[in-house]
Structures are given as structure tokens and as C-alpha cells.
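For reference, the chain that follows is the form predicted alone, supplied as C-alpha cells.
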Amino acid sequence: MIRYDRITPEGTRDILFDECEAQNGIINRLRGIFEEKQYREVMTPGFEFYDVFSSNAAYYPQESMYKLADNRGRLLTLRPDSTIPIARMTATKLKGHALPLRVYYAQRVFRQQPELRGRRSEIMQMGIELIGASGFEADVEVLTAAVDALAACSASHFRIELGHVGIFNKLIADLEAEPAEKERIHRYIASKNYAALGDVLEGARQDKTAEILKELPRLFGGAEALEEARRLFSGYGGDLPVMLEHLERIYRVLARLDFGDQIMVDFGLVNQAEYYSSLVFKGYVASSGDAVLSGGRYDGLFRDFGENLPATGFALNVDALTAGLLQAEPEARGAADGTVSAAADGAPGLRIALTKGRLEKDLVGMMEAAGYDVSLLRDKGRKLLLPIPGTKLQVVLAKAADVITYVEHGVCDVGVVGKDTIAEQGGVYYEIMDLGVGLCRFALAAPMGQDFYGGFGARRIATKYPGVAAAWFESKGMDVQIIKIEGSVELAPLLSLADGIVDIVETGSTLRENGLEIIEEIRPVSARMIVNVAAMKLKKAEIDAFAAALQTAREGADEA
């Protein structure tokens, strides 16, 4: 029997010495800031009844929660969030308390993470909740606390972005489209997938609503983004102008603080539209590839507990802030001896992860056409990390799946990878451009002359892409048995291991030579540019410039 008495569960770890000291220092610093602003500490149980979170399943799906049963068989869950338990506590233990109520917390949350993705399942959080206060002043109070907290704890440059989910909710409600289509639009705006968003809105009724939705993910930056939004929203009915004015007023107040250049707006910040009601915001630091602060207004949450109270709050990832603080000293030493990379030295440089092989050749050609010196890339030998002479760009050569991992974790700012890998692996990043190279398609293929859809038995499918295949057959309402193959999937039907295959196809010649034919095409595939979430906020100008250069090169090639 295997014993697990010497290791910690996946997603957890022991914290020792210097890291404990650094984490406690951040906690004490935040505690001082919150208490100075008259917030008082509360704690909620480490596990709650599952019912506390069940009505928020869209934001905390059951597969992301650790579940257990008590001695009466009732379903419990380890706390995946602090705001919802505080709402429960306020509606019960603090019912009738004088409002507004200002509370803060310092406690751990527990969330199931995808296997082998390097994300923690146990996270130390601190945050505040302002309960029973609504309007402009309340939003500014909470956001000012967020700015002060990041400024006090960040070991490097930080940025806070503001959004308003009410704007998206109004537009999507006005759009004449099917619910499934609206869900895709929501997903594409949240991931800044400009190409896919444009495609799906082509099928929608072409009116002012579709026009604004198409531009929404591109509307992020400083005052210029607000100005563009004002122009774009002009003449639109409903509360859109009022919501824009509210966001603009908050931006102006925060911009007058000492950190004004670190405040931005993002009208594509809609990924939590089912949880928040209006204002949303996130905070980023250069040492983390993901947001370290997340918050907003959630006026509808208390209705789940029989109350009708407005509320705003935010949570900070103390673990990520601690890692940034510990990273600061080694980076400072690296700067002294000149070993710090463009991605870590605070300079406006970019690190680009590039899929080795055919996509590598395509992108090197595009970069050369855009005017970059690619001599080191063409004569790279066995090197995997190469600079672009005359720029602050670095290129990392990696396998396709690793490109996504490097970008998602923030060690690379930008990645170029095929849509096949994106569709199979998923992840958290922005997908900002279809590069128009590496063209092929996902297809279902089977032996020639076979009635693939006939009969009653479940078909066996061999594929390198089990996630893509499973999702596609599920959408068709078909039960299949999927067998993952690492090598040439065309062999599986020849050896009677499978009835068909799902694979990427370019010309179809390999299929024909092995007695297979395409039964149905699933989706087109091409190379995409993906961007780390934090890098998109902290290095917007540099990423926009690189993307524009490649876009110009692509258009030139198309014209030629």
C-alpha cells in the first residue's frame, strides 16, 4: 500500500522561515491599513454547508469545491470564498446592526485546481467588505483602500483596472441572439478573442448594439479609452450613459491620487458578470502573471440570505504578494550584475513564447517582414532563449502546450500557438489575434465506405485531442468511447482499435493513403497570438505595438 505521510496534497505546501516572515509582514501591513479606515476583523468557519454556495454555482461550480459530509450525512464544502460566508453571517448574526458595516478578513480559501497546472488549492486571502452603503462615495472608499493596499504591499509596479458589468449586461440583453450565442459573446469578450467575437457577431443583427459589443474588449487603457467609449455609446438609449459617467467619475478621482498613472479602465472586464452587479476592478503587479486583487459591487448577493443590502468589497491574494516581495531582492541583485531578463527587470520589454516547428518558421518570416532583425532566430543552433537585436524582445522556443503554460504563468508575456492546442488545453489568457498561418482543420475521419453514424453501438474514437473530441460528440448528443493516442492516430482504425479518429487535417493525403476519409469537419485551426492577463495591463503599449507590426506584415503578405 502506498503511504502519503511524507508529502502534502496537490495544490498545498509547507511555508517556512523567510516566507512566513514575509507573509506575516504583509498581513500586518494590510491589517493596519484596514483598521485605520475603521474596518473590523471577522472570521468565518473553514467549512460551510454546500447550500451557502449553491446559488452561486456559475461563479463557484461544484467541481471547483472540496466537499465532505458531516456526521448526519449533510454536504459540506471547504470555504472557496470569503464574501459569501460573510453575507450569510451578516444576514444572521449581524441582522439589525447599524449600517454601513465595515469588516475585513484574513483567512484561507480552498479551490480545486486543474491537475498539473501549478496553481495553489489553498490560498491566503485578505479583503474588506463595505455592507449597506451604495453609490459613488462607497465605491470610491473601497477602491481607495484597494489602491492603498497594493501600494503598501507591492514589491514592484502595480496597476488597477476598473470596469462596469452593467454596461455589458445592458448590451447583451438588447442583442437579438440565441442564449448559446450570447454565452459565446460573453466568453470571447472576457478573453479578448477579437477574431472569434467578430465572427459570431457577423451572424447577429447588425445594429448599434452589435457594433459596441464588437469593440468592447478593445476599449481598455487610460482617459483615451473613456473618450472612445463616450463616442461609441453616443445616442444609445437606456442607462448606458449613466453607467459610463459613474465609471468616469471614479476614474477621475483615483487618477488625482499619487498613483494616477497606474489606474486604467477595461470595458471588457466582464468575466464575473454573474456575480457582480455594476462596478468591478482588478489589481496586477509585475511579479505575478494573474490578478492579485479582485473586487466589485455585488448588490444582489444578500437576497440569497433574505436581505436586500448593497455591498462592495475586494480580496487580495496574500500568497502572490508574498512571492513578489521575496522575488524583489534577487531581482535587485540581478540588475546589479546585468543578468536580469527583459521580462523581469521592470523595463518595457516583451518575452514571446513561440511554438517550435512550422509555426516558428511562419512567425519568423512575419517578424522579418515587419522589420525585426531575426538573424539570431534563423541561426539559433540549439539555443531556446534568443534576443531580437535592437529591441527589448526575447523569443522563447517551446512545444505548443508549453507555450500556453509559460504565458498563463506570466514567465512569457506573449505566445504564438495553434488553435488546436488552445482548444484542447484551455487556460487563462487573452487570445487577441488570428495570425492567419498554420491553416488546417479538426475533422472526424473513418475508414472509407463505413457507415459511421449507423448502428446502435457506441463508437470508439482515437485522438490526440480527447477534450476537443469529447466536447464535439457531446454537442451532437452521441455517446462515444475516446482513446487517447500520442502518435499516428491513423493507425488506430487500421488495427481495429477504433472506429474513427478526430485529428487535425491539412490536405487529407495522409488519411487517403491509409484508407480513411473525412466524415465531418469540426472546426478550422490557425495560429493565434495569446497574451498573459497581467502583461496585457502592465505592458499594453508594447504588446499593441508588436501585434500591430505583425498585423501589418500579414496584410502585406495577403496583398502580395
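Just so you know, these numbers come straight off a predicted model, no measurement behind them. Note that residue numbering begins at 1 and tracks the sequence as displayed.
Although it is not shown, the form predicted in complex with a small molecule is what the next lines describe.
Picking from 25 to 33, 45 to 53, 520 to 528, 487 to 495 the stretch near the small molecule in the predicted complex, with a 4.5 Å limit on heavy atoms, gives 487 to 495. Contact with the small molecule in the predicted complex holds for all three of R358, D503 and E506, each having a heavy atom within 4.5 Å. For the candidate set K214, H409, K464, K192, a heavy atom within 4.5 Å of the small molecule in the predicted complex is found for exactly one residue, namely K464. Put simply, Q62 is far from the small molecule in the predicted complex: not one heavy atom of it is within 4.5 Å.
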